[in-house]
Every structure is written in C-alpha cells, then in structure tokens.
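Next comes just one chain, in structure tokens: the form predicted on its own.
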C-alpha cells in the first residue's frame, strides 16, 4: 500500500481488518517496526479522535509522530497552479510538500470541504497535491469527500461484533441513516462508509434519508436507497447514524426534521441492532440520550478502534 486515501488503496480488506484486531489484542507486537521513522500529521481543520488515535498508533509501532496545525501554526498554503501569489497565501504546496517529504517517512493530512463549490471540493485538490509533490506515502486523516480511517474503523467494529454474535449472521443488514443537525456538514463520512460497506460484498446495505439528500452515485452503487426511515430500519443488525448536507443542492440544509432522530421506539423494528456514530455527536439532535446511553450503542468502542485501524494502515505502509 503506497498511499491510504480510500478503500481502493487496500489490496486485501479482510487481511487489513485482521491485522487491526491483532494489534487490538497486542498493541506492541510490532513496536520496533517504525523505529527511527517519523510521521508528520498536518491538520488544515480541527480534530480530536483522528489526531490522538493516529499519534498513539504511530507510537505503538515505535514511530515519532509530529503534529502541525497548518492554519494556526504555519503559513497559509496556495494550491492553484500558475497563480500569482499576491494575496493572502504565503507558500505554495509545490514548495512546502517536497520539504515535508524530506522531513518525514509518512505524511498524514486532514482537510475539509468548503461546501461552496462541489466541483472544487470533489476534485480533492488539497490532498492530491500533497500526494503529487511530497514523494512519500500519504495517509488521509479525512479529505473533502472521504474519511477512510473512520470507515476502516467502522468495518473493524462491525466484523468484531459479528464474530461474537451468538447466532451467525452471514449477510448482516447495515443501515446508514441521515440525522438532523443544526449546521451543514460534509458528505465525507457517509460517502466513505458507503464505499467501504459495498466493498464487503456480503451485506444487505440500505441508505435512508429525506428527499434531496442523495449521495454521489459513485459511492452508493450496490446500496438500496430507501426514503422511508421506518421501512429501512426493519430487521437491521447495525444502524449507522450520520448527518450530511445535500450533494445535489450542494452544501445546503434541505430539511431539519427532528422526526429523523433515532429513538428506542424506532429501534423496536430492528434485529436488536447495534448503533454506530463517528462522533462528535449532538445529543438529542442527531441521537437521543436513550440510544447513546443504551446497551445497543457501540459508539465508544467504535471510537476506541480508531487506534487499531490507524496502526494497521501505518504498519502496512511501513512494510512496503
């Protein structure tokens, strides 16, 4: 694995999941693999779980992790080709990235969409330019359209729970349900989760949302789209709750219908489903207290698995 930007960079998904679970059982089994290696973690927007879990994963492998917040600690970067830099940007990625490639062995980058221009965001220019000019492996800590480390974590968590279920579920029903929110959020997590679940090729995957919240079809091919949330939740084994803004009316909030918040009453039609969320979560807006604090909620476990997902990815890259 040269880079880790999406599920398409993964040669063997099952092998990667198994490696993550091996690290969960024994975090320090490869603690010398990254000796004398450095990972640079560049954040163009805030982070908590992604930042901390990646640092811990790197340290478990013996790597030194250096975190740099680009917006507050460094020069503002320019990404446009052939631009006359007489504005607010001080340094071009063509000059910054090659230097970072000399400082580090792996570069991990977190960017965020502007939610103003769909073509611009979906071009993935920021992370693509770092890949182009850094000349070292690049790991996405979230980009404008995808969040692969989160999605790998989600798959790890689902596979782990399937292995401990008293009754074997060969084709679990997994539901991604839209939830209300007070602000416009990107489609990154929803896109990415859909991409990774469909890559499993052994699930009944349903996406449910109000009209107007359809995701880019290149991520949802193979999924069933159901606009009736109650129908979608029937017999679900896993329910992933996430808000996203409109893709077609890009970045817009078309609905804030509180009836889409998941509750215990809605869970009655599921197969005693496990409830997932990538966090942070706005309680009693996206998810009710009764769900988040119930035995069905696995969001804390899901977040804890972020370490093992990152460790498996870094290990695979280090092993070349």
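Predicted model, so just to flag it, every value in this text is computed and none were measured. Residue numbers count along the first chain shown, from 1.
From this point on, the text means the form predicted in complex with phosphoric acid mono(formamide)ester, which you will not see here.
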Just one of 56-64, 273-281, 251-259, 28-36 has heavy atoms within 4.5 Å of phosphoric acid mono(formamide)ester in the predicted complex; which? 273-281
Contact at 177, 263 and 266 by phosphoric acid mono(formamide)ester in the predicted complex, all three, heavy atom at most 4.5 Å: no
Since exactly one of 245, 195, 203, 150 fits, which has a heavy atom within 4.5 Å of phosphoric acid mono(formamide)ester in the predicted complex? 150
Distance check, residue 209 to phosphoric acid mono(formamide)ester in the predicted complex, heavy atom within 4.5 Å: no
Would residue 69 sit within 4.5 Å of phosphoric acid mono(formamide)ester in the predicted complex, counting heavy atoms only? no
Consider residue 288 of the chain shown here, and say whether it contacts phosphoric acid mono(formamide)ester in the predicted complex, taking contact as heavy atoms within 4.5 Å. no
Restricting to 288-320, the residues within 4.5 Å of phosphoric acid mono(formamide)ester in the predicted complex through any heavy atom are 306
